[in-house]
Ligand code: HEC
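Just one chain is shown here, as structure tokens, and it is the form predicted on its own.
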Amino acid sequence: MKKILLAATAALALVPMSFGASASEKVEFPKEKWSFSGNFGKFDRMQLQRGLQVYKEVCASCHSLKYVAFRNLEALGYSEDQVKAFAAEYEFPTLDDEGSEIKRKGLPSDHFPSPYPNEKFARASNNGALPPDLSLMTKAREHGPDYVFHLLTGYDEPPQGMTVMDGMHYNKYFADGNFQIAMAKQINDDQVTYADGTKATADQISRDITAFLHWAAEPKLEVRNSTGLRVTIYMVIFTILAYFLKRRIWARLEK
């Protein structure tokens, strides 16, 4: 995904304010249905695996995922051996016994590597813009997953009378850049071939990568929801017991 989400946040200076950014612009983001939404939400493991495939095949050439270790992928339903094999597809710099720089295969304890050796190289490769790390992308915006999904699918022809600057593209959900974004539309039908046979429409691809990025940002979401449910049940039971205990105590006092 060349420069995917490259202009996702003004805070990351992905689109200079000179492009006409206006903080007063308000965009209505349609509310999408996500399996992980709500107090009882859970991730769809197959969707997360598809999202990982999209990240690996399309996004990883420009964007890092530095807060996610390969071993974390076991939470997506992969076995330990599968994670080891996945990590081994990457190479990391190290030193040999004589202090010379060499490459080693990745280990489950390693984190997803950056596609660039340093920030200057990254900016030089992207017309001065720094591709953001995607680890916390769905938490970078108020609308979270809805924002990311609609940004990916919000490309359209500009309204009549609107002039789009050279090198920019109209996106009806990118108000922070005056609806002009440096990243061209990158999600298209059949852009990937899913391993599980799911039809890879642009909508499906966008949903899958959004779900995966939300898992990357909220890996403990299910544990938190489960803990909250148990605490709620405990408090309900405790409240009922306290109520009957109170009635019993006051009944004695009234006598």
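All values reported here derive from a predicted model rather than from experimental measurement. Each residue number is its position in the shown sequence, starting from 1.
We do not show the form predicted in complex with the named molecule, though everything after this point is about it.
- A single residue from the set H111, K84, R141, K172 has any heavy atom within 4.5 angstroms of the named molecule in the predicted complex; that residue is R141.
- Although the partner is absent from the chain shown here, N126, Y147 and I209 each have a heavy atom within 4.5 Å of the named molecule in the predicted complex.
- Using a 4.5 Å cutoff between non-hydrogen atoms, C62 counts as a contact of the named molecule in the predicted complex.
- When contacts are judged by a 4.5 Å heavy atom cut-off, I187 counts as touching the named molecule in the predicted complex.
- At the 4.5 Å threshold, heavy atoms of A200 stay clear of the named molecule in the predicted complex, well away from it.
- The named molecule is not drawn, but in the predicted complex it has a heavy atom within 4.5 Å of L130.
- Of the stretches 176 to 184, 73 to 81, 94 to 102, 157 to 165, only 176 to 184 has residues with a heavy atom within 4.5 Å of the named molecule in the predicted complex.
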